[in-house]
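Here you get one chain, nothing else, as structure tokens; it is the form predicted on its own.
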Amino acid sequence: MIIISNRLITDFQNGYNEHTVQAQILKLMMEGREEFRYPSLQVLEFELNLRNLIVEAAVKLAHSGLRFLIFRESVCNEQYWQRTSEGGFVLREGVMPSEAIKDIYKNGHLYGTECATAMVIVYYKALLEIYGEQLFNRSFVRIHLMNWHYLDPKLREIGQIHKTSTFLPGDRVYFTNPDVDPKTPELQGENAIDLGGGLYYGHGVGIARAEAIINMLNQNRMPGATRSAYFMDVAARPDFTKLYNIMH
């Protein structure tokens, strides 16, 4: 359900074509049991448009050539990023943040990392699209790409998963592999972006349905494993109101 300024919205009139990601999100929000609260209609519209850009950024990253490599083997374009001893990527001094993010999409074959980093890249790319280069560069002066431990405070919520019954395109979701083979600890689970329509983007597996991601994880279980990998009823979402306020 959607609540704007403490008022339940039961008949949302919008200009989105029924086949758009935004229209799909509205339908899920209206029909779900979860409450989605907004201080204004403008914040809701910002979220819908940013979620659409998150989906677009995920699809583009899936086709960028970005490789799946464990952190100790990660690689990046040293012209824009400095690789840390942990396997993360830190923005180089004097490099425009927007140019560095765009380079990952342009020269994905020069990069390799784990799935958590890919999720962070997706959110940065979506914000670059909605903010424009000037505001993005002012807002994200220092970028450290790796996992949830190095998130910019403006994005810390994407590292915090919460139980939900309503999954929306643009959410970060998680498939867990409880009996993972100790030889492949990087496959203890798969972070993914919900693309809508039953599809997900998971780095290393690409764009796939839940069954394909679960099958991939099940192929990386310890000998004698009895528990299947499964989709968890949790999601992580950025604070859309906070991100909206940066623009206003």
Partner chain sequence: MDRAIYRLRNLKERFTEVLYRDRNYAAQVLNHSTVPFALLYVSIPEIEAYNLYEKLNHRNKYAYDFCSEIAGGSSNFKQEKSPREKEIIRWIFRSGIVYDGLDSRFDRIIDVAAAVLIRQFNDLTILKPAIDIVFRRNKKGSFNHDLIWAVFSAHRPEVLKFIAEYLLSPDVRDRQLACRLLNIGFDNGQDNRTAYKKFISWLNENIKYINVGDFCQQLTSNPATYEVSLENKYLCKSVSNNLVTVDEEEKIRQFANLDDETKQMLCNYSNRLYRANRAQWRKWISLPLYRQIESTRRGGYE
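It should be emphasised that the depicted structure is a prediction, and the values quoted were computed from it without experimental measurement. Residue numbers count along the first chain shown, from 1.
Below, we refer to the form predicted in complex with the partner chain, which is not included among the displayed structures.
- Although the partner is absent from the chain shown here, none of 75, 99 and 113 has a heavy atom within 4.5 Å of the partner chain in the model of the complex.
- Proximity to the partner chain in the model of the complex, taken as heavy atoms within 4.5 Å, picks out 154-162 from the listed stretches 123-131, 154-162, 136-144, 103-111.
- Note on the partner interface in the model of the complex: the residue among 185, 198, 65, 39 having a heavy atom within 4.5 angstroms of the partner chain is 185.
- The closest heavy atom approach of residue 92 to the partner chain in the model of the complex falls outside 4.5 Å.
- At the 4.5 Å threshold, heavy atoms of residue 180 reach the partner chain in the model of the complex.
- Proximity of residue 71 to the partner chain in the model of the complex falls within the 4.5 Å heavy atom cutoff.
- Interface membership of residue 30, defined by any non-hydrogen atom within 4.5 Å of the partner chain in the model of the complex, is ruled out.
- Shown here without the partner chain, the chain has 191, 222, 223 in 191-226 lying with a heavy atom within 4.5 Å of that partner in the model of the complex.
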